[in-house]
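Take a look at this single chain in structure tokens; it is the form predicted on its own.
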């Protein structure tokens, strides 16, 4: 059994702000069948510690970045958890990363340096009865773990893998905090921690990990370019031989059209049609001649939702409808509220996990017009429920949706949705027009919907890829 420690700032079903949580929550179970025993190190947020019943205290530190901390161990929600109980860092309200005003917590660098440092402590034998052969660090919040390991007795003994879930978030801190973050000032240079005069936790992980992954093969290629690499493309080009993309999967039990407790099961009479009628009723939408499209997203420029606002007439003029669930940029929230004055548009600002299930089950199509998308999960949920994805040709969207084009429809290629490129409002408008035309070709529409539902979106292949990667990284030292 290969022992792996996962260092992550969130994991479903305990705490979630995005796709990172879904991956970190699903990987341990998916890997169990591949000879990998994974323990998950999480911060002791109130939502996490509230789920602990009889935790075992397995390590203590009197000074963990400004206060005392304990390491608690317990199995919760199918995860073999290690929880960093440090109230001075994590026992606070509002968000995981943002305060009540929507700004980063001022001590975020210390909060997640502590998480990474404890990950390195575990690699160095902090637990009397368990030690990992490999530490898997996720995003910038875990990015200092490979650095701390490389500067510890575990160097050369415990290997490290760094995963980029979204390179837009890099964990920057002023150089004046080097000492507070327990970093060697001698390492503050361009080929190590320094990034445009600041400390970059993510860059530290990219430099010091034995292998780097990201969450789709296409995103891995995109990250090597200035357009997508966000200043770290040079680092990744330098490590190209130790860099690969592995697609995310989804939890097939949680997202099951026949067993989902939050929807009308598809194996009941009318199935999909019943969910569509229920969704229209929930949002007080009238019947319409075109497809009912759904969007479940953060409202940001990255997600291309401003493009959707421009392209929306192409859908509405052809009898289509839109239901949107999301929160984010205040200007986009206001713009979508205004768009909802149209009788065929409904908007819910916020996030509701079970509403997301009802929307995906009841929608005809799910729109994902992202300018860049490392992997994306909502298009995978759409495939699972026969809700055709309309996606930009980028990152994991390009890797997971087979476009319905004249070539794929005429040949043996199995189309599962629509893609558009370039990522512009005009191209999205054209894609929505194609979607509406396809919707009226009912036999073809149902064929593509069945194709989508048959498309593999679970963790089986991806888990095997991670297991083989771990074994390869460890095998390089034996």
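Residue numbers count along the first chain shown, from 1. Predicted model only: the values in this text are computed from it and were never measured.
Below: the form predicted in complex with alpha-D-glucopyranose, not depicted.
Asks: The chain here is shown without alpha-D-glucopyranose. Which stretch in 375-383, 225-233, 142-150, 330-338 comes within 4.5 angstroms of it in the predicted bound form, by heavy atom distance?
Replies: Every other range fails; the passing one is 375-383.
Asks: Using the partner position in the predicted bound form, report whether residue 11 sits within 4.5 Å of alpha-D-glucopyranose, counting heavy atoms only.
Replies: Although alpha-D-glucopyranose is absent here, residue 11 would stay clear of it in the predicted bound form, with no heavy atoms inside 4.5 Å.
Asks: Heavy atom to heavy atom, is residue 303 within 4.5 Å of alpha-D-glucopyranose in the predicted bound form?
Replies: Contact with alpha-D-glucopyranose, yes.
Asks: Contact with alpha-D-glucopyranose in the predicted bound form for residue 239, defined as at least one heavy atom pair within 4.5 Å: yes or no?
Replies: Because no heavy atom of residue 239 falls inside 4.5 Å of alpha-D-glucopyranose in the predicted bound form, the answer is no.
Asks: Taking heavy atoms and a 4.5 Å cut-off, does residue 166 contact alpha-D-glucopyranose in the predicted bound form?
Replies: Yes, residue 166 sits close enough to alpha-D-glucopyranose in the predicted bound form that at least one of its heavy atoms falls within 4.5 Å.
Asks: With the partner left out here, if you bring back alpha-D-glucopyranose in the predicted bound form, are 48, 111 and 114 all within 4.5 Å of it by some heavy atom?
Replies: Verified in the predicted bound form; spot residues all out of contact, no.
Asks: From the list 298, 262, 342, 92, which entry has a heavy atom within 4.5 Å of alpha-D-glucopyranose in the predicted bound form?
Replies: After the contact test, the surviving option is 298.
Asks: Which of 215, 209, 199, 83 has a heavy atom within 4.5 Å of alpha-D-glucopyranose in the predicted bound form?
Replies: Of 215, 209, 199, 83, the residue with a heavy atom within 4.5 Å of alpha-D-glucopyranose in the predicted bound form is 215.
Asks: Need the contact residues for 257-295: heavy atom within 4.5 Å of alpha-D-glucopyranose in the predicted bound form, sequence order, or none if there are none.
Replies: Contacting residues: none.
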